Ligand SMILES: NC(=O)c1ccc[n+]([C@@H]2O[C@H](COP(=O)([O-])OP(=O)(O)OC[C@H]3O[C@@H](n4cnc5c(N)ncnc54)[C@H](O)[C@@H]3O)[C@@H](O)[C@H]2O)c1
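One chain comes next, on its own, written as structure tokens: the form predicted alone.
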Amino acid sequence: MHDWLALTGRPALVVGAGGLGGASALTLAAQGARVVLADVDEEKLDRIARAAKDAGSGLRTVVCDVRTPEGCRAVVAETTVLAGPPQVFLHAVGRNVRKPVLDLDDEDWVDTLTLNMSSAYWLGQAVGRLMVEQRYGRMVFVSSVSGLLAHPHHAPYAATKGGMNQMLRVMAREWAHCGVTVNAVAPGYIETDLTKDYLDKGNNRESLESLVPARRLGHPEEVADAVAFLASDRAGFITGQILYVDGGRVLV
């Protein structure tokens, strides 16, 4: 039902067409939002656009690179032209370099922080400016249980997610009086393009499943449902929160 979440006709910018971003874009489109999906990978964009069409909805796509402030501001401007000033925004861009701290080089650190954290700031600032002007907005970031837990071989990734969590809390505090909510979903172990290669190696899948009280890995659609809720009018009094979608991973 479109009307329960009150997303029908709302301009929505989703940045990141991978597993979680793509699934969330499809869910938002199915709920009637006017979705613009942005990514550097045109093939991924085309795949999600076809899936939306096959599901009886639709979305527009923009090829962009969000590793610079100019690139971030450009995609927000293009979205405004295509669908209107965003009333819903999802940041679902990220990479993980799985190496011990002593094996990381400078490029691993800088590239991960730029893509995961700096893009979240640049995009959040640009979209937040428009939402504050409209005095309405629903902003959601894809964080991770790694922002709370100390996983080995996750130093740059964990740093970006922990930093993102605190950044969005400040945004939430500054913009709450303008009707803008800022929250995050923090997935646990989800089967996505980002995790597929790792899960397929050795007994990694079984090892991770054993750490989850639910005894299974999550699916992108389960994260997308949480995103859709936080992006909706049903979540209008929720801001500055990190919603863990993790099967209980952070409990152990």
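Model, not experiment: these values are computed from the prediction. Note that residue numbering follows the sequence shown and begins at 1.
Below, we turn to the form predicted together with this ligand, even though it does not appear here.
Proximity to this ligand in the predicted complex, defined as a heavy atom within 4.5 Å, singles out one entry of Ala83, Ala158, Val93, Ala126, which is Val93.
Only one of Leu208, Ala30, Val40, Ala51 lies close to this ligand in the predicted complex, with a heavy atom inside 4.5 Å, and it is Val40. With a 4.5 Å cutoff on heavy atoms, Ala231 does not count as touching this ligand in the predicted complex; it lies far away. At the 4.5 Å threshold, heavy atoms of Asn204 stay clear of this ligand in the predicted complex, well away from it. Taking non-hydrogen atoms only, Ser144 approaches this ligand to within 4.5 angstroms in the predicted complex.
Taking the partner from the other structure, this ligand in the predicted complex has no heavy atom within 4.5 Å of any heavy atom of Ala12. Between 148-156, 173-181, 93-101, 126-134, the stretch whose residues reach within 4.5 angstroms of this ligand in the predicted complex through a non-hydrogen atom is 93-101. Residues of 52-74 placing a heavy atom within 4.5 Å of this ligand in the predicted complex, in sequence order: Cys64, Asp65, Val66, Arg67.
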